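One chain comes next, on its own, written as structure tokens: the form predicted alone.
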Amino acid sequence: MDLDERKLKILQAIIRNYLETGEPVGSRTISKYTDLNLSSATIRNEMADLEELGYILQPHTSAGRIPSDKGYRLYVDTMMQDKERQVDEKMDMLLEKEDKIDNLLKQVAKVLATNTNYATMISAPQVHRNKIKFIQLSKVDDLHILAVIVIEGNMIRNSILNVPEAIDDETMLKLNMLLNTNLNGMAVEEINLGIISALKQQAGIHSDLIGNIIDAFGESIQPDNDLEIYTSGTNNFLKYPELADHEKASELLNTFEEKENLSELVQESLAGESETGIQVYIGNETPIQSMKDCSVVTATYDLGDGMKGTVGIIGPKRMDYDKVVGTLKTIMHQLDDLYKK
């Protein structure tokens, strides 16, 4: 028999209270734990029905009730369903947000190139504080699980891990609760051997899996060697005679195509971020050899929660610095507003 909402809330209140105190639970106590605004008499009637249905027991006369095995089973199953739904909703939201920022940055690069007539680049945001917000383990098949970590800035990192044998849903839920209870809000650097040892001890036979999960998370949160960088307007180099020389133009185009050097520029720009967030490299000041005949102006955008990236405009040394700096300052302020819409 399916319980109606009122009976289910009363059963959940009994179980939560009993888990906290270890003492039989009476109707007066339950009246304080529910949002049903029921009288003690009504709650007693509902408790009598729950007892008749086998969800709770009365250990002795005049005592309160305690959960039965059947009651515990319903509580765990319901809790697991709720957790799965919450996880699905959160993951959908985060994946949607991630797609949104990718599309937004691509569009920003195109607009900047069109408005300035220079080449542009913009890096995907990197997280600089690395605190854990959420962890989710999900079964892929009997021998693999997907470990998902959400870190500050709603950045998502995934790892597929091997397991020696299938893990049932209830055990998976317990492992999720163990990791989230102990690690949420912590930076990876704060997860020391003592914490890992305590987690492994609580995980019992799954201690090796806990160690593998933490190792995978540690690796995934390291600076991203495959940093996503969006570019636009490389054909604008050909508009300026000093850059249109075949050899120079070819080097510049290769730099934008391979992007490895652009990644170094992003890291230097973030590391040397000025008070204004704007940095100007003229000629030999630029860290990229192929851009020695160019000027590079970069800005650091900040989406909050430690999420930062770099916008760069690359053109001839005779670029319109006033226009470029003004445009970048405007973009820095607008990106956060656009991201939150």
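No experiment lies behind these values; they were computed from the predicted model shown. For the two forms, the rigid core is made up of the largest set of C-alpha atoms that agree within 1.5 Å on superposition. The first residue of the sequence shown is number 1, and the count goes up from there.
Another form, the form predicted together with a further copy of the same chain, is not on view; read the next lines as being about it.
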a further copy of the same chain in the model of the complex has a heavy atom of only one listed residue within 4.5 Å, and of I205, V140, A198, A166 that residue is V140
Just to be sure I understand the contacts: of S263, T116, S232, Q126, which is the one whose heavy atoms reach within 4.5 angstroms of a further copy of the same chain in the model of the complex?
S232
Pick from 207-215, 190-198, 253-261, 68-76: which stretch has non-hydrogen atoms within 4.5 Å of a further copy of the same chain in the model of the complex?
253-261
Non-hydrogen atom within 4.5 Å of a further copy of the same chain in the model of the complex for each of L183, M186 and K292:
no
4.5 Å heavy atom contact, V108 and a further copy of the same chain in the model of the complex
no
Distance check, K174 to a further copy of the same chain in the model of the complex, heavy atom within 4.5 Å
no
Counting only non-hydrogen atoms and a 4.5 angstroms cut-off, does V148 reach a further copy of the same chain in the model of the complex?
yes
Wondering, does L270 line up within 4.5 Å of a further copy of the same chain in the model of the complex on heavy atoms?
no
Please determine whether the C-alpha atom of D169 is displaced by 2 Å or more between the shown form and the other one following superposition on the rigid core.
yes
Fitting the rigid core first, would the Cα of A249 be found 2 Å or more away between the shown form and the other one?
no
